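Have a look below at one chain only, the form predicted alone, in structure tokens format.
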Amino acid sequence: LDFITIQNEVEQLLQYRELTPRLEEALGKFSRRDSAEVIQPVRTTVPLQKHSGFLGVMPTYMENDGVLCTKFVCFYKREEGSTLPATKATVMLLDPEYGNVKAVMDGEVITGMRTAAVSAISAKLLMRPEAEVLTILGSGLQALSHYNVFTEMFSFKEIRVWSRTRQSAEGFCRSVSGPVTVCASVEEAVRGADAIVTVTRCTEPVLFGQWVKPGAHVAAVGACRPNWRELDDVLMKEAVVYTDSREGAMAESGDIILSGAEVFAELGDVINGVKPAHRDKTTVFKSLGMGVEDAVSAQLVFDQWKAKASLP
């Protein structure tokens, strides 16, 4: 019943080129609603009122693949300038037959990379092929992981960033490998952009539809509570809205719940050929994150760790 702890190695064991196709396959499996493929309840949340946060518990069982996993994630509404983390996560991989824990992993890298990779899958499916300008709103760990996978998968001619403080935006620019333009306002950052990634801590709309170029693709990652928002009503109602999980979005996404916007499809529906990808229209992918994404990522880390451990 021994289990392993994988912390610092996760970043070396997880690569987008292997992770992204596995996530794309997992999104398709989830949207088929076949209990032998994926059983994944909507995330359970426990309020941490004293600390303005929540504990989210995200179990998943993939019977055909023999994967049993759960993630514990704490996420917080932090005050401006706070040095405390906005999220902290731990992923546990279990043996579905015996019930014992096989591995405990630091969830920070897994969460950052799987979230960014799913956003990139949304762009692959929904963004116009001739897209040239990428805007990232936010400058934290998710901004960095999104920059890494978007520049690995696509060729943008210009990348812009906005953050609440110029200092944070400039720090982000120093941490990445290519040229990035720092913008003084959200409007300046998103005007004319073909793809927009929102990875902010905002709880009120920061991206307004009147600024968004018709036909742009928005990957909205922040605002994971039913009363938190990043996008305004105009954008939500004018765009074709896709999500990772319809049930998750209706329970947790303030952008969808408060705007009354209709969810057109899950990404898995597009992958499965059940619903079309409206590349010609303005599209929003509302990402809440799913347990199946963590399960696939954790299994890949575990497989890579085992392969590495068996080397002479």
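Note that residue numbering begins at 1 and tracks the sequence as displayed. Quantities reported herein were computed from a predicted structural model and do not represent experimental measurements.
The same protein also has a form predicted in complex with a small molecule, omitted here; what follows describes it.
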Inset, instruction - Tell me, please, which stretch of 71 to 79, 231 to 239, 126 to 134, 177 to 185 lies within 4.5 angstroms of the small molecule in the predicted bound form when heavy atoms are compared? - result: 71 to 79
Legend entry - One residue of 256, 58, 27, 38 in contact with the small molecule, assessed in the predicted bound form (non-hydrogen atom, 4.5 angstroms): 58
Legend entry - Interface residue in the predicted bound form among 149, 224, 219, 193, criterion: non-hydrogen atom within 4.5 angstroms of the small molecule: 224
Legend entry - Contact flag, residue 111 vs the small molecule in the predicted bound form, heavy atom cut 4.5 Å: yes
Legend entry - Contact flag, residue 90 vs the small molecule in the predicted bound form, heavy atom cut 4.5 Å: no
Inset, instruction - Give a yes/no on whether residue 288 approaches the small molecule to within 4.5 Å in the predicted bound form, heavy atoms considered. - result: yes
Inset, instruction - Answer yes if any heavy atom of residue 43 is within 4.5 Å of a heavy atom of the small molecule in the predicted bound form; otherwise answer no. - result: yes
